[in-house]
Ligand code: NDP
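Let's start with one chain on its own, the form predicted alone, as structure tokens.
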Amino acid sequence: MSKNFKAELVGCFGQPVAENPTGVMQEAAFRAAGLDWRYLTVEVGPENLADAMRGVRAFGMRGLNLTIPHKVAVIDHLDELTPAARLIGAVNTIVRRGDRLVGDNTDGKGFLRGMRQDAGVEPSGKRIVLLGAGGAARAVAAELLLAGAADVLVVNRRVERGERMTADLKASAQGPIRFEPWVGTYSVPKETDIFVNATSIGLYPDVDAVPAVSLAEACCLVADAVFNPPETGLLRMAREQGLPTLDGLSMLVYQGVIGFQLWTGQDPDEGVMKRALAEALEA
């Protein structure tokens, strides 16, 4: 009777990446499903991305996650994009289809699932302020527009980047999206229904950093895409003001669930993934 000692490989490329706990969550799900798969968390600088992607092909890796700063740059190294990734203009998940590497984006879908399932908020018809114009911001904005948001206001310090993202999504998603420069301390308008930080401000190890925003007039759900720490300075500030919050763990878990399904063709145990992630960040 022959035995198979070959593990299937997936992983994450980014810089910095050492504090990213996705591998803990995915490997717990693999074990629970009885799959001999491994998740490699690999530090890859921008100058080495092309070589690293050749390695993905050479090793026959089944899939990959991309984080800062590779979500847009990796597109040049792929064979195909899904409609979602093409719409967003950024990739966070790669799936091997035969010899082809297909770029997808599960960030926005994971964020919306968390909003609906964990915060109990439906984005349709809502007025949203979105901080940031990077890969995560693009994904979240695109999915909010597709979900029927009434207004998406993008606020960003780098005007050119914010205007470019807004113009791209207005053309591709054809939804109500606009841009406003972020100058000084941004006051979240009182008519806002959902405020989202889609920047990396507050991400470990810079845990004391808080976006320069004022929630004084706000009466809205405050969501943060930063997952480490789970309660960021922004969320703590919102909670102290009595506002409902949604942390970045929600987005991370649900985009991971979608990635697991794409790679393996199976549904993971979501409870196992949530517990593994929570334990990893509490340790």
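Not measured: the values here are computed from a predicted model. Numbers for residues come from their place in the sequence shown, where the first is 1.
We do not show the form predicted in complex with the named molecule, though everything after this point is about it.
- Shown alone, this chain has one stretch from 155-163, 183-191, 76-84, 112-120 that lies within 4.5 Å of the named molecule in the model of the complex by heavy atoms: 155-163.
- Remark: Ala147 does not count among the residues lining the named molecule in the model of the complex, judged by a heavy atom distance of 4.5 Å or less.
- Within 4.5 Å of any heavy atom of the named molecule in the model of the complex lies no heavy atom of Leu101.
- Within 4.5 Å of some heavy atom of the named molecule in the model of the complex lies at least one heavy atom of Val226.
- Although the partner is absent from this view, Leu203 contacts the named molecule in the model of the complex, with a non-hydrogen atom inside 4.5 angstroms.
- For the options Val196, Val213, Ala133, Ala90, the one in contact with the named molecule in the model of the complex, meaning a heavy atom within 4.5 Å, is Ala133.
- In the model of the complex, the named molecule lies within 4.5 angstroms of at least one heavy atom of each of the following residues of 238-253: Gly248, Met251, Leu252, in sequence order.
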